[in-house]
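Next comes just one chain, in structure tokens: the form predicted alone.
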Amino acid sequence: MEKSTAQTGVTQASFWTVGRGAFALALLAAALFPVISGSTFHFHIAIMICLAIIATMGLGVIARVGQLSLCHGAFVGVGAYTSMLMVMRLELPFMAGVVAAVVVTSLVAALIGGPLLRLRGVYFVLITFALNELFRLVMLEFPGLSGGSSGIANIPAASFGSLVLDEKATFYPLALISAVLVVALVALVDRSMIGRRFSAVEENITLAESTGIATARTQNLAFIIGSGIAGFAGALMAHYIGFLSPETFHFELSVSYIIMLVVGGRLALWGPVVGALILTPLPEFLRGAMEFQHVFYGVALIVILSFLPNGLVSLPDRLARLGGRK
């Protein structure tokens, strides 16, 4: 019996080792693929994946305290418009615009987070949905600020002094480094005392409160961090695409981030990475059948939630258990 248990443990450990190694190689291959191919299209897809990873990472931080925001796309929009206004209207450098985007988005989250996070379950979902639509409608009503339905074009490209990243191949390293830094930041938060408080609140908010954790403040902190990361993604998006419109930050953008998070793994560090890697390029493969795109997303969500409720990142663990039983 003990021998069998030991063999099972060794088998699971070997599965994990192989799984982690394969995952690391897959990430490296995905990062290098556009560089090797040299294709402008591949660079574009890779950049969009990096931006999706950053935004979904922010949503993952909010999910770590048991909430799932449907206004995440609006915070991406706040960051995008803030950076655009700083650079185009105030003529500040690109990095100043990015910093301002993160600060302003975090401040907005801090202002609305207190009353917002008192809501639970479906009420929180509904109010965040309303906030996302409110942001879009307000932006449409102030064309002097947002360009209205026509949008704002010719947003300056990202730059560092005389170095202008106005091509996809030159912008890609910035997007990739930014995504890596955000993943590293979230990993540090997860391993800190703050991360442990997040986990305690997500698992059982009543028990966490009884142990002395300030649950309201903890949830608000997660909301601020996650929204600030979304603002960072929005700033990069604005200077990469070079065009902003209120319709860009429609409710569907928030839904796409939620789908990426859930498909990848809602509470896992690498969940947003896996979700963005799989779902961001998917519309290109479904371009010939756009009417079935949302149907496919729905079916994928049902299948994954049925067989892998913890997302695709839990697949190695599932295979390890199956391997250990044989």
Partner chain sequence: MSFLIIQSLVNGVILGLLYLLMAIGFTLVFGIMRVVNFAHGEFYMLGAFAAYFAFAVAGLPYPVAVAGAFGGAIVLGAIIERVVFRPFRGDELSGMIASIGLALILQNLALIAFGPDPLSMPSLVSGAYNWGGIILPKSRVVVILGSMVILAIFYYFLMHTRTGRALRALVQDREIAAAYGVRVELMYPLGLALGAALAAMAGAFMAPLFGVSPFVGGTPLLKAFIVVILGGLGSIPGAVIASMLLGLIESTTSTFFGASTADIVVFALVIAVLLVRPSGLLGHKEA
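Just so you know, these numbers come straight off a predicted model, no measurement behind them. Numbering follows the first chain given and starts at 1.
In what follows, reference is made to the form predicted in complex with its partner chain, a form of this protein that is not presented.
This chain is drawn without its partner chain; in the model of the complex, the residue among Ala276, Met57, Ala46, Val262 with a heavy atom within 4.5 Å of it is Val262. None of 129-137, 220-228, 171-179, 78-86 except one has non-hydrogen atoms within 4.5 angstroms of its partner chain in the model of the complex; the exception is 129-137. By the criterion of a heavy atom within 4.5 Å, Phe160 is excluded from the residues contacting its partner chain in the model of the complex. Put simply, Leu305 is close to its partner chain in the model of the complex: some heavy atom of it is within 4.5 Å.
In the model of the complex, none of the heavy atoms of Ala26 sits within 4.5 Å of a heavy atom of its partner chain.
For Leu119, a non-hydrogen atom is located within 4.5 Å of its partner chain in the model of the complex, even though that partner is not displayed. Shown without its partner, the chain has Gly66, Leu68, Leu70 in segment 58-74 as residues with a non-hydrogen atom within 4.5 angstroms of its partner chain in the model of the complex.
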